[in-house]
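Only one chain is included here, represented as structure tokens and corresponding to the form predicted alone.
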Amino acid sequence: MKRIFFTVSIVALAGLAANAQESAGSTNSDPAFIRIMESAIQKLDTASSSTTLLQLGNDFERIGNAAKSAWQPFYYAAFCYTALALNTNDKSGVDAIAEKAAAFLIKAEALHPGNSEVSTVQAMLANARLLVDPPARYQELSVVAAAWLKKAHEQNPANPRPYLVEARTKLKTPAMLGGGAEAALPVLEEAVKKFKQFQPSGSIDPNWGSADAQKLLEQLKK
């Protein structure tokens, strides 16, 4: 994967903010907003470094602050920081990163209540916090992650991403605690099935995970 350096144009953001003020509540259909978001999401799809995730997280935050009424920028900002928390080697910094992600998820949820995509990232974030100190945190945070996944399933049964996150969680959980490859396989198969049927509501709505689910399924079946 290539390293990406992406900074949103200040001029474009200024124009976006002006449009948002003129048509509050309709920024999801604003052409400038859509173009900026599509470009940023494309960069996120190939992001491969902590530096890139941090830069993109900051960019999505600026887009969200300019657009004001759109939930997607704050969702993607939270996703960037959650991915950063999950992949950082310095566990001493994870909780601070997680707090940033949590704040963005609150904003996204406020703009789009009952959102299965937001609940899915909440589960990912709980797992990131858990991995800081599994022996000390498993009992509490495994329950939190499971509750968010249950909520995500209920909010949108057609959403494949909660199944992918659940399968990944089971793979990292010892068999004695209900995890392991055998437990993960049927959940992953369900994820792949749902990915084949899933269509996002729009070009900037979450649509990640299909290739990862298929690749992981192939690995488990070997």
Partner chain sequence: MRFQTICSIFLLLFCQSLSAQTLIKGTITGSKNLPLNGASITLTGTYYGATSGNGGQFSFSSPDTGHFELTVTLIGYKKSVREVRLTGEPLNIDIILKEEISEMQAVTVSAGSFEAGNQKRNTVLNSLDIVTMAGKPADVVAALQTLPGAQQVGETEGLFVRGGTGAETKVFIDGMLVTNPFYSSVPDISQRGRFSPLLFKGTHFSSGGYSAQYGQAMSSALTLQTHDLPSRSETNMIISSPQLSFTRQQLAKNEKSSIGFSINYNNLTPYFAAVPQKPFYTKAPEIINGEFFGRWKTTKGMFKYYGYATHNTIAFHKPSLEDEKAFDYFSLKGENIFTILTYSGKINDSWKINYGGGFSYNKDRIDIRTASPDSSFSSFYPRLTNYTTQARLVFTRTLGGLSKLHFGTESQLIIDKIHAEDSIPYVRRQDNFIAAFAESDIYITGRFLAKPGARVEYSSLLGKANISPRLSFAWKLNNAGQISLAYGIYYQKPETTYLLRKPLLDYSRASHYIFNYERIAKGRTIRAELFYKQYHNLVRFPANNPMQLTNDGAGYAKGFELFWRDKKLFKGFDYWISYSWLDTKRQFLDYPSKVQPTFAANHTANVVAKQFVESITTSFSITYTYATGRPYYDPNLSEKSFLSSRTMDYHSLSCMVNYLTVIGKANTVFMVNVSNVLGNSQVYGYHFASKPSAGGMYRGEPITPMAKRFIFIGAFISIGNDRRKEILDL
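Numbering follows the first chain given and starts at 1. All values derive from a computational prediction rather than experimental measurement.
Here the subject shifts to the form predicted together with its partner chain, a form of this protein not shown in this document.
Only one of E182, E154, E38, D45 comes within 4.5 Å of its partner chain in the predicted complex through a heavy atom, and that residue is E154. Among residues of the shown chain, H112 is not one whose heavy atoms approach its partner chain to within 4.5 Å in the predicted complex.
Mapping the unseen interface onto this chain, V143 counts among the residues with a heavy atom inside 4.5 Å of its partner chain in the predicted complex. When its partner chain is considered in the predicted complex, K107 lies well away from it, no heavy atom lying within 4.5 Å. I63 belongs to the set of residues with a heavy atom inside 4.5 Å of its partner chain in the predicted complex.
Using a 4.5 Å cut-off on any heavy atom, the residues of 159-180 that reach its partner chain in the predicted complex are, in sequence order, Y163, E166, K170, P174, M176, L177, G178.
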